[in-house]
Every structure is written in structure tokens, then in C-alpha cells.
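The chain below stands alone, shown as C-alpha cells; this is the form predicted on its own.
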């Protein structure tokens, strides 16, 4: 490991548990454990998986003009964001390019938090400071001062309930993209573990499946991690690395910042909901940095999801071409992963979580991801992805993994 790499508080646990480690976002992170990416991916779809996401950064934005600053710097309409709710969007520069994507949390009328990607706490904080101008607002970069783990999968609530104080109250009225508690002591309406540890629990994640993100003080995260694994042992909960995180998010149609979104205009992609667009989709409901550039985007390329005919993959980047039916190269591959929980049956994509699986169906896995192309392809259009002599056949997809569970209500979490 390079001495320049940062580590999360769970780094010794990962190494002692045989994790395959690699650099990601400036941190030494687990890619997979002895279980392997396939089993870790399937664990989330069949039961639950646990991810170390402490490499991500939190930024507190407080003061009378906190909302005004975030309204100008974030792509979502935040004026209607209720206390205890959070929302996904992006931070743009004046060119309309993505500095980073970010989730905004509304703690109180003058207290907000941004959760951004690994290594981006300083860059986003500096950007916010540059846009502060005369606004009365304080920006505090909490990089490495907050730890986070994600528990994802249908059994997440049942497992988490075993280590929570008063889980019925915590899980009551907790819809998708809401949160409760805080990672700081002495706050109103705290959420605590059985050992009195204060946590922030968010109904969100990066897999497309039901689950939670849990924010906690760094000195408490190892205990939290081990308590969850112990509580979930009977349910098949296992630790998962970034390999499964990537394949799950690709199958769920979720972007990777600085890869699927980045130094290009934030338009013509599957995540247009992350923009404060008017009902007709031709304008925006608020002023924000990068707006004018997005309105002038006739030359912007298109980002579209695809799914392959089997699990074979190709590399990514400008050396991997996207070829249309006429043999013309129309772009490059941004993401290419394999969702091991899906397969084809009579031309239809099914997931191992699909409620209507035919008898004998087995998910062999399908490649999937995103391509960046110079025209808008039609849904179902056949393309070829070519890396040197390696070629795979894919089709443009509306969605990839069906019957995702992220938005399910919290119901029975006992037993």
C-alpha cells in the first residue's frame, strides 16, 4: 500500500479478514473478501450485505443563508425539502460540468449536510466558499471526522433492529430518502444503538436495494460493524467490498461520479430527475450555477444504459468503442460491470428477486452499464461494444435489474 493512501477506521479489520485491497478515491479500500464479488453481490439481493463507506466525506453548511447557498450550488429544488429528508443531485461549475454528485440532508432550517464522494470534501467545500459571497453561512469540511457503513438488502431492517434502541420508533414513518438521528451527541431526538452510541440512520444507499446508510463517530464504527455482522450472522449478512458495490449500482442504473458523470454538461442522461426542471423539461425552476450552460447544450453527448446478452464484459474509456448497426463508431463505454443477479428468459430480463420467476430459472449474470454516445439511441437498439478484438453485443435499456427493493416500506423487522 502506498504511504500516500488514507485509511478508514475499519482498514485493520478488512486486512485481518483477508480483503483484497486497492486504492479508491485516495483511500486503501476492500475490493472483495474471500467470499468473492459474486457471492457478495448476491448476498445483497438475497439477504443483506455490509459495506464500509467511511471514505466518503460530510460537509456541514449552517447559518441564515445556508439554504440560499445550496439552492444556488446544488441542482435540485431544495426549498421544499422537509426537515429529516434528503435528496440526490449534483454540484456544477459554470460550464455545467459536475464537480461531484452529492446528497443534501436537511437537519433544521439553518442546518444542512452534504455527503460527497471520497476525496471530494475539500474540493466541494472550497467551491462552496468561493460561491458564498456576502451570504451569512458557515461551511465545515468533516472529512475523516465521520465514519459510515451501509447495510443493504431485504433483511437490513431486521438485522439493524437487533442493535437499535427502540427500533419501532426509529423505523416509524421512515420513507425512502428520509433520515433520523445524528452522529453528534447532545442533539434533539437522538437515535442510539443499544450501547448508547449516537448514529444518523438514512433510508438510502448505492445498490438499488432496500437498506440504510449509518453515520457514526469514527471511534465507534468498528464496534458498530462487528455488532451488525454478529446480529446478521443467522440471516447470511456478509461484508462486501467495492467490487459488489460497483456491480450492484450498475445494475440499478446508478452513476459513478467522475466516470458516468463528470467533465461534461449534466444533461441527456438517465438522472434528469436530479435537475430542477420545469414540467415540460425545457427549463429550470430556479437559478443555479451552471444553469445557462445546460440551457445551451445542443451539442452535449448522451449517456444511456445498456445490458448485454451474457456476462461478458469489455473495458471502459475512449479505447472501447460503441458501434451502431451501420458499423459507425458513435461513442465510448463509461461503465461495464456484471450484475450476477439477473438473467434473460424469453427475451425478458429477470432478477432473482423477481416475484414471477419461471420454474428452474437461474440467473447467469448479464453485463450492464453506461455508454456515452453522440446521438440519442432508441430503447432496444442493438449496439456492439468493441475493445481491440473483443466485442460484446448489447441493447439500449430503459432499466437493467427489475424489481429493485430500495423504495419498499419498512414493515416487519422482528424475528
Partner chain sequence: MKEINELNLPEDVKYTDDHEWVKMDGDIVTIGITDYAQDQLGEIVFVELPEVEDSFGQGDEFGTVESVKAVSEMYMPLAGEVVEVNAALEDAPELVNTSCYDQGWIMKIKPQNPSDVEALLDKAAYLDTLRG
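Numbering follows the first chain given and starts at 1. Given the structure is predicted, the values throughout are model-derived calculations rather than measurements.
Omitted here: the form predicted in complex with its partner chain. The next part is about that form.
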Give me the residue from 340, 261, 275, 104 that has a heavy atom within 4.5 Å of its partner chain in the predicted complex.
340
Considering its partner chain in the predicted complex, which of 312, 127, 220, 180 comes within 4.5 Å of it through any heavy atom?
312
If you check in the predicted complex, is residue 32 within 4.5 Å of its partner chain, heavy atoms only?
yes
Is it the case that residue 382, even though its partner is missing from this view, gets within 4.5 Å of its partner chain in the predicted complex, heavy atoms only?
no
Just to confirm, residue 37 within 4.5 Å of its partner chain in the predicted complex by heavy atoms?
yes
Does its partner chain come within 4.5 Å of any heavy atom of residue 17 in the predicted complex?
no
Counting any heavy atom within 4.5 Å as contact, can you tell me which stretch out of 386-394, 368-376, 54-62, 352-360 lines its partner chain in the predicted complex?
386-394
